[in-house]
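Two forms, one protein chain; structure tokens for each follow separately as structure 1 and structure 2.
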Structure 1
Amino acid sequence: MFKIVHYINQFYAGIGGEEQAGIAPSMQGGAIGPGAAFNTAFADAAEITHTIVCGDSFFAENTEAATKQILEMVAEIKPDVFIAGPAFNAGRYGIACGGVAKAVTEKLEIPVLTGMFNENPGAEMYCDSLYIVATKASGAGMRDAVGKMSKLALKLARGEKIGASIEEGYLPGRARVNFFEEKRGSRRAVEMLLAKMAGKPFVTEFPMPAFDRVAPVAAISDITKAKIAMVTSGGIVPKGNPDRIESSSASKYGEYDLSGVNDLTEATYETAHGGYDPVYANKDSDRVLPLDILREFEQAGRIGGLHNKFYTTVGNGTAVKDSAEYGREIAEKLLADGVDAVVLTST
């Protein structure tokens, strides 16, 4: 029977949600949470003997230390395969699963496997170096994910040849695998074209990337009469980060009042962002969110006025789907408040 070590976050371990995301790595014997479903799928061929649990925030904020701890735990057990997740579309969890799995296979030379939704930022980061089984967006797809992951995990444990992504169910990105099709390319192409023309379902053999295109609006005719707002993905927040916006894969955005504020000082503001050196942003947050300059423009009459609120989140590893939703909500609020233009900054 093959020995499996399973990595999960605090939520799937049943410890708690965001309030427990800061827990450090720990290892327990046996299967926990989704591990039970894996053991059922493995039948008598393999068993999860140990489960490693780590909070998503802890890993994001202490990546190097957390990875070192987890590697020591895995090295002690010496499993045949290491499984992380599945993370579905949870951004921080996906990045953690990918980061841990990559470290395990590179440092310990143990076969690894994880599972994610294709829009998870971890999928984009690690699909070129790991087998990442394609899953649905949420935990509702757990049964399907476990079924596909368990089969591929057993293949890895046995050292069997891994087929193409379309055959095995993992996200494309690793080295291409050749296989023979029953029909030649010209026939497949014509059949796809006919299906498309008839409105029938078909699967392309060469999916193209989907780019979001936003048509630019007309320029502001008189900026001296325009109401300007500030929005940032650079993570600028009031000192202490009162809404606990995550340093990576943010699950929320913040809305903060600027009434009477003319300068973002070191004593009153900071950045929650974990994707760049925070020293200079913490010393003077105007470097990311230019309140001081816009106040000067306001007083000099170069703009009509500055909106009394700013909106902020962290772009580091945040899922595109979540970012788009934040943008829609913020835009609706700005329109309702009569804002004419936005200064949008990143890092």
Structure 2
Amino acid sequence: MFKIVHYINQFYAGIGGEEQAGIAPSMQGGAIGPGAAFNTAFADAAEITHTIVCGDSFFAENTEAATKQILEMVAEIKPDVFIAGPAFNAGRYGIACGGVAKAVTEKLEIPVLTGMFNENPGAEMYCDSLYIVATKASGAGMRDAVGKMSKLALKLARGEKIGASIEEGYLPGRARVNFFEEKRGSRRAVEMLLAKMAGKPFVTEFPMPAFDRVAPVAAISDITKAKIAMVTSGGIVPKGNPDRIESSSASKYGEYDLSGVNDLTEATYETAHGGYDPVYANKDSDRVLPLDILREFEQAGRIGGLHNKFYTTVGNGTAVKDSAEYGREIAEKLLADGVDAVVLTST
């Protein structure tokens, strides 16, 4: 029976949500949380013998130290395969899964795999060096993810040849793998064209790389004459969240007036964000949206002025296309209001 070590975050370990995201790595015997489903899927072929749990914020803020600790734990067990996640569309968790898995395979030469939604920032960072099984965006896709990941894990454990991404269900990005298609190229191309003309779904065999980069805009020459606006993905809203911006997968952004506001206090502002521990932002929202400082700088003439509105949304599993849309609309409004530069904060 193959021995597997599984890496999960505090949430899937059942320890807690964001208030526990700061916990340091620890290892326990047996399977925890999604590990049980993996063990069922493995039947008698493999078993998760140990689970390493680490808080997402701890990993993000202490990456080097956490990685070192986790490597020591894995080295002690010497598993046949190391599995991280799946992380779905959880950004910090995805980056942790990718970072840990990469370190394990590079330093300990143990086969690894993880699972993520394709928009997870960890996917783009690690898809060229790891097997990242493509999952749905949320934990609702756990069963599907475990099915695909357990199959690939067994193949890795047995040292079998791993096929192309389209065959195995992992995100493309690694070295190409050749395979024979049943239909020849001309037939596949014509079928795709017909599907496209009929408005039916089709899958290209050669997606164009999306190099979506924006050239930097010229610097502000004199900040003491510039009107600065604040935007945040950290979910800061007036107390009570009047527009009910969702705590995750936000379907909107808010625009709020700052006239006469010099400080964001516990009584007047809070965060709507469900992806980080809200205690600190609820106590003092200036920790996410630095209004107090920019107001002081404005009064001291160190900036030309502070725009009297701020824009906010919750960047927590929010779709890229929605965020881009909010960004476009916000930019249009800022330009119309004569704003010269933007300070955008993220949690």
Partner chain sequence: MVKEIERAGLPVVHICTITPISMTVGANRIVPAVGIPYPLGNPKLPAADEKALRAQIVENALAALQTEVSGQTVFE
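Quick caveat, the model's predicted, so the values are computed rather than measured. The term rigid core refers to the most C-alpha atoms you can superpose between the two forms while keeping them within 1.5 Å. When a residue number appears, read it as a position in the sequence of structure 1, where counting begins at 1.
- Item | Number of the structure representing the form predicted on its own | Of the two forms shown, it is structure 1 that corresponds to the form predicted on its own, while structure 2 does not.
- Aligning on the rigid core, do we see the C-alpha of Ala250 shift 2 angstroms or more between the two structures? Yes, shifts by 2 Å or more.
- Query: Would you say Gly305 moves between the two structures, meaning its CA shifts by 2 Å or more once the core is fitted?
  - Reply: Moves: yes, 2 Å or greater.
- Task: Taking the rigid core as the superposition reference, indicate whether the CA of Gly17 shifts 2 angstroms or more between the two structures.
- Result: Gly17 C-alpha, core-superposed: shift of less than 2 Å.
- So, with the core fitted, how far does Met230 move at its Cα between the two structures, in angstrom? Shift of Met230 at C-alpha, rigid core superposed: 2.9 Å.
- Once both forms sit on the same core, give the Cα displacement of Ile293 between the two structures in angstrom. That residue's C-alpha is offset by 12.2 Å.
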